[in-house]
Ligand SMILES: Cc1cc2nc3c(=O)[nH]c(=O)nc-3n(C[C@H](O)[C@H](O)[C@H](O)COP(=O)(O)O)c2cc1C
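Let's start with one chain on its own, the form predicted on its own, as structure tokens.
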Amino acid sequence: MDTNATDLLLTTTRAVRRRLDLERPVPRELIEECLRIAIQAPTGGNSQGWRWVVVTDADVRLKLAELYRSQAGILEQMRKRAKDNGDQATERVYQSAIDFAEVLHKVPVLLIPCIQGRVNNASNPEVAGLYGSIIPAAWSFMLAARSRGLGTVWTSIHLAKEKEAAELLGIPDDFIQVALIPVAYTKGIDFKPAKRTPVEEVTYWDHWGDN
């Protein structure tokens, strides 16, 4: 296994908003290829309760984007909070998300990962097990997409309107949506690792606080 290639993929799969090509169609076969990789991810008890709703219809994308935009005020509150705290990097992220909301309907593919089950009144292990059975697969999809020249971004703000989205898409009541992942070709592939807090500062050995 080429660890250099693997490390490059893992460290440069970014949340892409501004560099998505909104004009170039994404072939259905390419999405299916990425999903075949995604479903190789581990899942709790080998339940494989995942389902994937791939939205390409322009009218449906528009309606999903409208649900998303109806919650954009939350993004503005977060942007303002970051600005008031002098956190310019975080402010830029939220501003990017706000701007992205206005063009979301133009993204050629919107992917909604779903998992069978509900977390109402569930214990922490149950919640962890449920989300742990879909998030690894969704991340595998995003990595596979990146390796094929596609950009993605994990969004969740539409989940405040999950019921409306479920009605729009015909998602059964016993399945929950965990994200909305826009997918498009990227303008260029020269993404770089992000600035992060050094691992030595966020890792403890044997006991909390011990480096």
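Throughout, we count residues from 1 along the sequence that is shown. Source: prediction; values computed, not measured.
Although not depicted, the form predicted in complex with this ligand is the subject of the following passage.
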query: Phe175, heavy atom within 4.5 angstroms of this ligand in the model of the complex; finding: no
query: Arg24: touches this ligand in the model of the complex, heavy atom cutoff 4.5 angstroms; finding: no
query: Ala72: touches this ligand in the model of the complex, heavy atom cutoff 4.5 angstroms; finding: no
query: Ser47, heavy atom within 4.5 angstroms of this ligand in the model of the complex; finding: no
query: Listed residue that, although this ligand is not shown, lies within 4.5 Å of it in the model of the complex (heavy atoms), from Thr43, Ser147, Thr56, Thr155; finding: Thr155
query: Partner-facing stretch of 78-86, 126-134, 93-101, 109-117, counted where any non-hydrogen atom is within 4.5 angstroms of this ligand in the model of the complex; finding: 93-101
query: Members of 173-211 lying within 4.5 angstroms of this ligand, judged by heavy atom, in the model of the complex; finding: Ala194, Arg196
